[in-house]
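First comes one chain, alone, set out as structure tokens in the form predicted on its own.
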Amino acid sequence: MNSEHNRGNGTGNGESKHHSVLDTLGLEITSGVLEEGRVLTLDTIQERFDVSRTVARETMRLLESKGLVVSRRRVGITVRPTASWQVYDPRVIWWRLAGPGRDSQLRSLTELRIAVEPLAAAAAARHAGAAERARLVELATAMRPLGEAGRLDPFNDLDVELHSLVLRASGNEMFAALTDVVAAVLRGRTQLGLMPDRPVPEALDLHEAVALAVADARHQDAEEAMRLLLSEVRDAMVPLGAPGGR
């Protein structure tokens, strides 16, 4: 979601301007700068961002599809309450992680993961195919040297693949549908600077424990290792503004 911030100067293409406007307004709504009940118009969006009517209209359409605004005739485009937001939408997750409410968003997402991923790991231990089991072990093994070296970007890529594979290998389509949600929070933590410089050794050990338990079809061990891993993630969260927080 790397937006181009070149609006208003005549450079860049329509798509980059569109994403820039969308991200700016999405961040302002999810952070409360544009509060519930605020009325927006296409004219004010065009003027503020120096974009075409088409870009302004498409931006509003996307915000409406994510539950952030609603358009009503003779009223305008109104900011909706949090309860109406599509909170599983990866872009909404990103905006909330990038804003001042990131601590509560991280906690909510981590609690969701604790509720789901241990059961998914147990199911994967029962249902995963041979190639999926082997790939999980490969991923966990490759993550250790990257984590120990503090190479967070490639580490994060493998982490996303590992957790996504567990969800898909569970054989439960409801778990698999959360793949984009989990990927969004894992990528967001790294790209927004919310991760420590190096994963703690316990986290590396537990990734390997999950992978090995799934590979060996030990469903109870897989469930417990994943629960411990996510509990470590929850307990390691540092509030914004606290010592060590960013």
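This one's a predicted model, so the numbers in the text were calculated from it and none came from an experiment. Numbers for residues come from their place in the sequence shown, where the first is 1.
Not pictured, yet referred to below: the form predicted in complex with a further copy of the same chain.
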Tell me, which of Ala149, Val75, Met174, Ala131 has a heavy atom within 4.5 angstroms of a further copy of the same chain in the predicted complex? Met174
Which residue among Val137, Val79, Leu119, Leu158 has a heavy atom within 4.5 angstroms of a further copy of the same chain in the predicted complex? Leu119
Within 4.5 Å of a further copy of the same chain in the predicted complex, heavy atom basis, the matching stretch of 204-212, 32-40, 59-67, 185-193 is 59-67
When the contact criterion is heavy atoms within 4.5 Å, does Leu112 count as touching a further copy of the same chain in the predicted complex? yes
a further copy of the same chain contact in the predicted complex: Ser71, any heavy atom under 4.5 Å: no
Although the partner isn't part of this model, could you tell me whether Gly99 comes within 4.5 Å of a further copy of the same chain in the predicted complex, counting any heavy atom of the residue? no
Give a yes or no for Ala123: in the predicted complex, does one of its heavy atoms lie within 4.5 Å of a heavy atom belonging to a further copy of the same chain? yes
For the stretch 28-55, which residues lie within 4.5 Å of a further copy of the same chain in the predicted complex by non-hydrogen atom distance? Thr54
